[in-house]
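We begin with a single chain expressed as C-alpha cells, specifically the form predicted alone.
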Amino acid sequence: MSNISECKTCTGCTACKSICPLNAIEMKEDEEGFISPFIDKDKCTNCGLCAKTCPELSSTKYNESLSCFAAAASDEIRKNSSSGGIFRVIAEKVLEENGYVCGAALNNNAEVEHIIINKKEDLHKLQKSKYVQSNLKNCFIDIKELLENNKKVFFCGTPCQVAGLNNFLKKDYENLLTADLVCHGVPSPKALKIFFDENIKLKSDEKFLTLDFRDKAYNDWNPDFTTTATTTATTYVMSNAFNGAFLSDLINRKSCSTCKYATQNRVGDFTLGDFWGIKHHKKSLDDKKGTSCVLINNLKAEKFWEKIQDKLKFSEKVPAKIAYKTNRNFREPLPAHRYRELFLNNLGKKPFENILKSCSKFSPDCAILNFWWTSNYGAILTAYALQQVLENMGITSQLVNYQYGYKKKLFKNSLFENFANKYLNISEKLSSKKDFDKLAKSVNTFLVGSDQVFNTYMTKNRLNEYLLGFPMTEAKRVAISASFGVEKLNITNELRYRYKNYLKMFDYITVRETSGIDICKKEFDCDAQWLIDPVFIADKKIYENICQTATLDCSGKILTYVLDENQKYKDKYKELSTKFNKEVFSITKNNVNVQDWLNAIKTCEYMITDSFHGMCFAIIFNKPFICIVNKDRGAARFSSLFDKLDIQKSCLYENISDVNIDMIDFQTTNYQTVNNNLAEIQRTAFDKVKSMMYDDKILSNDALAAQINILKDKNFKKPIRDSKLIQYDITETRCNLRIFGIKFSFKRK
C-alpha cells in the first residue's frame, strides 16, 4: 500500500498530512463532514511515508494499564468541567513547569479545533467535552518543534489522535505527556453546524461565545446531558437531539464502529473518562459533582500522578475491572446505527430533530411494497435503488416486510437475505389486515413498485396489499414503474372491476413499459405515465460501492446470466467461447451473492442474458451484451427500454437459436448515444418521482367513488351494506369523509 488513499478506516488524525515532506496532503471535509486526507496527485511521489506513519496502516504501540483511580478535583474546578476535572489539574501542573498544553477548543464559529496554549488564563478553552471531531490542523508539527526545543508538552485527545501523534513523532519523548479519552466516537462537524444553525438564530448585534454539551448548571454530573449555547446576549438551553444522535451512533465517523482503540490496553500515558457507576462500588466516590476514571498506563504517568495528589479532592485506587465493566468503550467499539447513512444523507434536507425521530424509532415518510424478499437479483437491487433515490430526495422509506408463498422459504437464510439485512430498510413483519391498517395510519405515502407488482397472476389474491385495498387512509398512493408483465390482459370481469377501483384510488400511476399505459387506459379507465426502472434513476455510484465488497471478478470473460437455461444455450456458449477465445462464466438464479453478481457484470468483457435486470445493469455498466427475450416472463419490458434508450435491436433475440455466431461482434450498442439518452431520462424521472412524493394528496371524484365501491364490495370480509356508515361533505376545495366513524379530510382536484 503506497499511500493513505487506500485506507478504509481513516480516523482523520492528520499524521499523514504532518509527515508528508511535499505538502501533498490536505485535510478537508468529506461528504459526511468529517476531516479526511485528500492527496494532490501532482505533488505526490508515492514515497509511502504517509502509509508507514498512519496508525491504521502500520503498527500501534499500546500500554498495559498499571492502575486505576476514581478521582476528582476541587468543586470549583469541577463546576467548569464535564467530569471530575482531572484534565485541568494535569494541565495546570504542566503550565506551572513552563510547559504547553494541547487540547480541543471551540472557535468563534462553533467549530472544534485543537490549539496549543502556555497560559493558565487560556486553559478554560480546553476544558469540558466537545462532542464532535476536532481539527488538529498543524498541531503535530508544532508539538514536535516544542519537544525538540526541550519544552514540556501535554497532549489530550481521542485515542486515534494520540496514536497518530505517537506514530508521527516516531519516538518516546520524555518531555511529552499524553492522555487518551475514553471515546464513544466522534460526531460529524457538519452535523453540529446544521444542528447549531437550526437551534440558534443570532441577532445582528449578538455574538456566539461557547457551547456546553454537558452543562452541570442544569443537570449536575449525569449521563442525561443538557446542551447550552452562550452568546453575548443570553444562554440558550438547546434540544437534546444532537446528543441523542451522537449517543445513538447515528452521526459518528464510520471508522469509529471498527475502532481498534476501544480496548483495555491504551495508547496514552493517561486515560481519562467518566467513572459511570462508581457509586455501586463505593457511594462516597460519587458526590454528584463529577468523578473521573483515571488509568495510569506507564511509569511516566505514575510519576506525574504522584505530583498532583495534593491538588485533588479525592483519589482512590480501585480495581480496573470496575471501570471496564461499567464502560463498554473499554471492551469493544460501538457499532454504527443501522440508519447512520440515512441520517447523514438527510442532514440539511430536513430538520435535525425530525431526522432523529425518523431514524430512532424509524417512522418513515413512505412505505414501499414490492418483491424485495424474493431470491432474485433484479428485485432486490430495484428495491435498494428506489430506497436510495428517495434518500437522495431527503425522504425516509421502509420496505414493507410482507412475504407470501413458497418463495419466502427460498429467501430465508439465503445470500439474498444477507444482502437485505445489510442494505435495506425493512419494516417489522406484516401478516394480517390489521397490520396493514396500522401501517396505513403511520406513513404519509405508500409506494407500489417497481417490478411486476401489477401482474394479475402474481397479485390477484393479494390485491388488498399490492394494490392498497385496505380502508381509506390519508396516505398518498403512488405506483412507481409498476409492471403488468404482459402486453395484454386476460382476466375475469370480476377481477377487472376490482383492479379498476383499486387503481383509481392511486394518486399517481407510473408504469415501466409503454404497453402498461394502454392497459391502464383501455382496461381500467386510468391515466398512467411511463417511468424508467428505478435502477436507472439511482446514481451509478451506489452500485460501485456495493461492488467494493465483492470477491468475484469476471475480467476478460463472457458472463452468462440466463434464468431458463437449457442445452441449446450451453451449446451456444461453447461456440462463443471458441470464436472470441474467452472463458465463459455462468451465473444461475442464485449461486452467487448480490455483490458478486453485480461485480461480475461490472467487470466482464461481454454478457449474455434473458433477464430484464441483467440487461439493465449491462447497460448501466456499458457492457456489450446479447439479450434473449423470455416471453414467459414478459417481452414488452425489453423492447420498451430499447426504444426509449435508442438501443439497436440487433442485440435483442427472441430465441437462442436465432443467434448467429458468425454475425456477432458484441459492438452493436453505441453507448455514447445511450448514455446521453439515459442522462436526460434519469433527470426527468428523478424530478417526476420528487414531484409525486412532495405534492399534496388530492382526492378526485373518481377516487372517492372507487373507495366507496371497494367498501361496498362483497369480496370484503366486512362489507358495508348500510350507506349511512359512509358520510361525506364535498366542497370545491375539500372532501370531508366519515367512514366507520373515522374522519378523513382531503384536498380536491
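Everything quoted here is computed from the prediction, not taken from an experiment. Residue numbers run from 1 along the displayed sequence.
A second form of this protein, the form predicted in complex with a small molecule, is not displayed here; the remarks below concern that form.
J.: Pick the stretch from 594-602, 303-311, 177-185, 443-451 whose residues have a heavy atom within 4.5 Å of the small molecule in the model of the complex.
T.: Contact criterion met by 177-185 only.
J.: Establish, in the model of the complex, whether Phe87, Asp274 and Ser292 all lie within 4.5 Å of the small molecule, using non-hydrogen atoms for the distance.
T.: Judged in the model of the complex, Phe87, Asp274 and Ser292 all sit within 4.5 Å of the small molecule.
J.: Flag Phe208 as yes or no: does it have a non-hydrogen atom within 4.5 angstroms of any non-hydrogen atom of the small molecule in the model of the complex?
T.: Outside the cut-off, so no.
J.: I'd like to know if Cys156 sits close to the small molecule in the model of the complex, meaning any non-hydrogen atom pair within 4.5 angstroms.
T.: Cys156 belongs to the contact set for the small molecule.
J.: I'd like to know whether Gly485 contacts the small molecule in the model of the complex, with contact meaning heavy atoms within 4.5 angstroms.
T.: Gly485 lies outside the contact set for the small molecule.
J.: Just checking whether Leu652 would be counted as a contact of the small molecule in the model of the complex - the rule being heavy atoms within 4.5 angstroms.
T.: Result no; Leu652 lies far from the small molecule in the model of the complex.
J.: Using a 4.5 Å cut on heavy atoms, which of Asn501, Thr609, Asn297, Ser81 is close to the small molecule in the model of the complex?
T.: It is Ser81.
J.: Of Ser358, Thr459, Asn327, Asn243, which one comes within 4.5 Å of the small molecule in the model of the complex, counting heavy atoms only?
T.: Result of the distance check: Asn327.
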